[in-house]
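The data below hold one chain only, encoded as structure tokens and taken in the form predicted alone.
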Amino acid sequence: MQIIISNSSKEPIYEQITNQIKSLILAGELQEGTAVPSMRKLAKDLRISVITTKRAYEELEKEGFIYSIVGKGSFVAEQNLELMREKKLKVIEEQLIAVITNSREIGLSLDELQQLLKILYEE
């Protein structure tokens, strides 16, 4: 499992970890029951605080992506992929509403917005 941390990102490090692990699970790269690295190992590998990895794992557990067994570690939880897809779609819709609002504020036409989306999507 490869996690890449960006110090220049506005996103907190624990969120970067959380989002990347979620993406790996949703993409099927981390299967149900697969062990994820221990908090200490991940912290050491990423050269960050164990507190940061602990917070990321707590978020993942709270959202149902992983579960922990005391003394054994953390594992990928069973996922209802259709439910996860719906949650992601809702987030995308909310983000697109913000994009549309911003686009209208600066007078960007629908054609210009579609061209921009196409360029960014194909990168």
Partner chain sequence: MENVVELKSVTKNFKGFSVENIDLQVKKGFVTGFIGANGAGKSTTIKMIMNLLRPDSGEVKLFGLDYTAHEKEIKERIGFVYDSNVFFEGMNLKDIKRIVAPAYKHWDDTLFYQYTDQFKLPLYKKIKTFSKGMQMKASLAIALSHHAELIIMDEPTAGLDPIFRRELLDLLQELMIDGNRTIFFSTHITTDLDRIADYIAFIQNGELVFNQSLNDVAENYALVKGGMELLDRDTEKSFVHIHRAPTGFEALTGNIKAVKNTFGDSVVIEKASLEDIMYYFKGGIHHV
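Since the model is a prediction, treat every value here as computed from it, not as a measurement. Residue numbers count along the first chain shown, from 1.
The form predicted in complex with the partner chain exists for this protein as well; it is not shown, and the discussion that follows is about that form.
**Q** Would all three of 40, 44 and 47 be in contact with the partner chain in the predicted complex, where contact means some heavy atom lies within 4.5 Å?
**A** Checking in the predicted complex: 40, 44 and 47 are all within 4.5 Å of the partner chain.
**Q** Since exactly one of 89, 69, 81, 51 fits, which has a heavy atom within 4.5 Å of the partner chain in the predicted complex?
**A** Of 89, 69, 81, 51, the residue with a heavy atom within 4.5 Å of the partner chain in the predicted complex is 51.
**Q** Heavy atoms within 4.5 Å of the partner chain in the predicted complex: which stretch in 73 to 81, 51 to 59, 26 to 34, 92 to 100 meets that?
**A** It is the stretch 51 to 59.
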